[in-house]
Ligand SMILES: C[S@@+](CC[C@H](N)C(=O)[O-])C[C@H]1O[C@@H](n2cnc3c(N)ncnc32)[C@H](O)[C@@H]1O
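The form predicted alone is given below as one chain in structure tokens.
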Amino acid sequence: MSCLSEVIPDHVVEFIQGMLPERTALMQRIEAECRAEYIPLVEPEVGQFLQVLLNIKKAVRILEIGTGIGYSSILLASSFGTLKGHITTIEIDRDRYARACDNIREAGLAELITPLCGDANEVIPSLVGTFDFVFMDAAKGQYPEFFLKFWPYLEPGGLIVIDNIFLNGWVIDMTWPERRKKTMVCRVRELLEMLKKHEGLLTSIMPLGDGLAVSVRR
């Protein structure tokens, strides 16, 4: 299990996670490594929700911002089934990028996932083609910039899922435990206001994990 939410009651989180199917040995190992090394990781229930969305949407061109060591990339790719889908995923940390490549190969998904190493602000403008699904779980203080970069690449009817928009509840109350967190909290709140007012998007906030913003391009 991952750590419990700071916002959603513990017994609710435990119940939801208890209803999830068993993860593979590879995924359980990656989860354990992320917990031990404090590497960002989507909550298991968030991962399951992503797979449900992908099965509904039948998305085949996915952009992921924030690869980590490959956990969510593997989850997303395993949702393709018989569809001929592909994922482009961006990670700025070179060590995590290398480990993600190894994990993706171990999962047998190297043909379905293209990992790119670099700053998403620089990588996104160089991408070719459009996407019908974008998942963002990267540097929270750069969420507004990332959104403005990938928005032109999102197809009509495309989905955007953004993780950790509660930030332990700080974004809800606009409080932060230390001064260096203030910019991150304010930037995530700025993104949420952008999504709310954006005429080209329909957005819903989901109390799942540490908060999800789910948007569809009109």
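The first residue of the sequence shown is number 1, and the count goes up from there. Small disclaimer: the values here were computed from a predicted structure and weren't measured.
The same protein also exists as the form predicted together with the ligand; that form is not shown, yet it is the one meant from here on.
Interface residue remark: residue 41 is counted as part of the site for the ligand in the model of the complex, having a heavy atom within 4.5 Å. Taking non-hydrogen atoms only, residue 87 never approaches the ligand to within 4.5 angstroms in the model of the complex. Although the partner is absent here, residue 139 is a contact residue: one of its heavy atoms lies within 4.5 angstroms of the ligand in the model of the complex.
At the 4.5 Å threshold, heavy atoms of residue 158 stay clear of the ligand in the model of the complex, well away from it. In summary, among the residues 134, 107, 92, 113, the only one with a non-hydrogen atom within 4.5 Å of the ligand in the model of the complex is 92. In summary, the region of this chain contacting the ligand in the model of the complex, judged by heavy atoms within 4.5 Å and restricted to 173 to 181, 51 to 59, 187 to 195, 66 to 74, corresponds to 66 to 74.
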